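Only one chain is included here, represented as structure tokens and corresponding to the form predicted on its own.
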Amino acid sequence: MALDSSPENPAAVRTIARAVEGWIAKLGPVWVEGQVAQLTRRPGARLVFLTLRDTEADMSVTVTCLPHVVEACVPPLAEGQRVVIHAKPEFYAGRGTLSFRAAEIRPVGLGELLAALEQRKNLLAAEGLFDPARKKPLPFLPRVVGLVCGRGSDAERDVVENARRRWPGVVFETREVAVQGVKAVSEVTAAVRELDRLPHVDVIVVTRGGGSVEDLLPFSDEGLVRAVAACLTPVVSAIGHEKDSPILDLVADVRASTPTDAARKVVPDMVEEMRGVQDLRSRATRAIRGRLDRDSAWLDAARHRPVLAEPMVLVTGRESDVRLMLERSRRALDSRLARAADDVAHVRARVRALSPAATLDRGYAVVQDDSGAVVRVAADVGDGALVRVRVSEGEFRARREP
């Protein structure tokens, strides 16, 4: 029944809350189907808490039950399972919240959520989007860090504060977007693409705090994953805590376990870098001083050597050797020339002895006919023929008489 209220006679909050509580109490126990998005068991607690998610709409509700109800499930209840529960709806007027108290839970097979995510993961892996060879290295010191995060979130504060604690001069280009709910995928994707187009942004960090499987679903969306894979700028995924692993972690160039870890991976630690520079300067100074000391010692030793103390010692010491060698060279040359002169005289005498002129000097003559041929046989000259007779001192003609 509708409450009787008006601007002049409004109903109190408690009245509305009690009315809603009464309406819900009249509903009685119902069978509800959904997906277990989160399962919380606190040690020593009397109740087990579930978050039951609608598989078709962005809607979930809290379910409480006794531990034996969960323990009776076969197979064991786990996050992502699709279940049917028999529960009584309860409205807590003090907090204004709706929940269900389950008396029976029936698992109906592997959760469609995890199955769909696993199928999507296998598809993207087959396309090579998770291949380590395509991942880009992070710059040592980025000029500007692009940050995609929730509005006023702890994750943003963790990244910014830890990064500036490590490197105070780091600059952030921040895009605050919805990180869960129906708008999360479109806003995160648009922010990543916008930062990737900015030339001064050297690295992009996509971050949000931990949450249930339901809360982290946007970061396993295929459209967002493909947008990150297409980025030319290196992308760091820092979603949730160490145990959380959306598909974005697999396609990103670097996966950070937490937002704080993302800050450590994106910028270097100035204190450590300064310490490293100081160590290098100290090592360089020691090396240079050692080299200078060795060279100075070498110069001192070289300066005290006799050859440098008395540079002319080598010249004067070798002067007598040079003179002796010159004298020996002259004697050897003279001897060689004398032997050569004797050899020439002997050859000249032999040549003269074998020369035709020497034969003519001994009274011999050479007879030639008109053609100039030497007459060796008398029969070669006919009667009355003229011949030329060559003697030691000139020549003359003669005629053979018959």
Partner chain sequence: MTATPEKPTFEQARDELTDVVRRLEAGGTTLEESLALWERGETLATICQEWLDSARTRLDAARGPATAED
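For clarity, every value in this text was computed on a predicted model and none was experimentally measured. Numbering follows the first chain given and starts at 1.
Just so it is clear, the following notes concern the form predicted together with its partner chain, a form of the same protein that is not shown.
Proximity of residue 230 to its partner chain in the model of the complex: non-hydrogen atoms within 4.5 Å are absent; the residue sits far from the partner.
Although the partner is absent from this view, residue 328 stays clear of its partner chain in the model of the complex, with no non-hydrogen atom inside 4.5 angstroms. Using a 4.5 angstroms limit between non-hydrogen atoms, residue 295 touches its partner chain in the model of the complex. Its partner chain is not drawn, but in the model of the complex it has a heavy atom within 4.5 Å of residue 311. In summary, the region of this chain contacting its partner chain in the model of the complex, judged by heavy atoms within 4.5 Å and restricted to 196-204, 286-294, 128-136, 261-269, corresponds to 286-294.
A single residue from the set 323, 86, 281, 241 has any heavy atom within 4.5 angstroms of its partner chain in the model of the complex; that residue is 281. Site annotation in the model of the complex: the residue of 275, 165, 143, 318 reaching within 4.5 Å of its partner chain with a heavy atom is 318.
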